[in-house]
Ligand SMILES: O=C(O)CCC(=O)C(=O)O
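Shown next as structure tokens: one chain only, the form predicted alone.
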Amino acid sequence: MTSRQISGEAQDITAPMPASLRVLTPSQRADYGRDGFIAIRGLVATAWLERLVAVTEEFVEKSRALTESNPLFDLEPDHTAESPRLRRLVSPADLHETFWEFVSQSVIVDVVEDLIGPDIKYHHGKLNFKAPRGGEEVKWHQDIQFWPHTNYGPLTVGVFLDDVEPNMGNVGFVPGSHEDDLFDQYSGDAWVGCIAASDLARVDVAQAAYPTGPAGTITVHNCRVVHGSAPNRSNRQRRLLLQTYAPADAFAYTDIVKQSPRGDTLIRGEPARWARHDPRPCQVGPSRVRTIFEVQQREV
């Protein structure tokens, strides 16, 4: 094991198989356990998409008045009022009830239950943008070091708000990487939020899968999976709504969720009376982090 790797025996990332699944097939659930991610085409209904897109466009309009990023809006360097170019809207579920209703009550919560069990906490969310002919690269990384927990049950659901084809800055997931090493995402004393090139040589990124599909397609990935995305090389925008959930018995080591009034909210089932601790170590990132774009681009 190198100084930049943290190893350990693999653990089952899915909950015990329930008597019946709400949304997933047994095959999809098995795929998630094996690969650490799944994609389901067109799962989110049109009525929901129309509401989510309408609210998203309201926030894009608000961004026109901005000349630089702030705690809620992360802007591309060439953002202007005439041509708004966002990288992220931070914590959308805290900003509009439509987002909160979706992340706490929609079909995606049923998908989460099929994977991590009936007792579910909402951890945090964000809305990422990839503007046409641009959009920042997201370097290969793992999520859990940003928001470490006592176990590796947390997962993130991504919802395509647009039709996604190849070369649109699709997120790529490395199959099975959730069962391999957890990597150091510091460079010396600096938090960089990505995997060092020397460690990345040990990850088979050539085998990464880049899901595509119509608006309403979802991806689900485990918190240990290596993933990243290139710039959007198409002429169309790509908006991706992301929300992270945790089993009730997974407790955060840092207070990043305190930045959100809804962070760590129990949205289904019962609260845990015991914390479940994975025997593998978990790296602890800073408790105050701006967006992954700012960190990886060394803007902070």
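Because the structure is predicted, anything quoted here is derived from the model rather than measured. For every residue, the number given is its place in the sequence shown, counted from 1.
What comes next is about the form predicted together with the named molecule, which does not appear here.
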Complete contact of 227, 240 and 292 with the named molecule in the model of the complex (any heavy atom, 4.5 Å):
yes
Segment that reaches the named molecule in the model of the complex - one of 138-146, 103-111, 77-85, 174-182, heavy atoms within 4.5 Å:
138-146
Whether residue 130 contacts the named molecule in the model of the complex should be assessed with a 4.5 Å heavy atom distance threshold; does it?
yes
Does any part of residue 126 reach within 4.5 Å of the named molecule in the model of the complex? Heavy atoms only, please.
yes
Taking the named molecule in the model of the complex and a 4.5 Å non-hydrogen atom cutoff, the residues of 155-169 making contact are 169
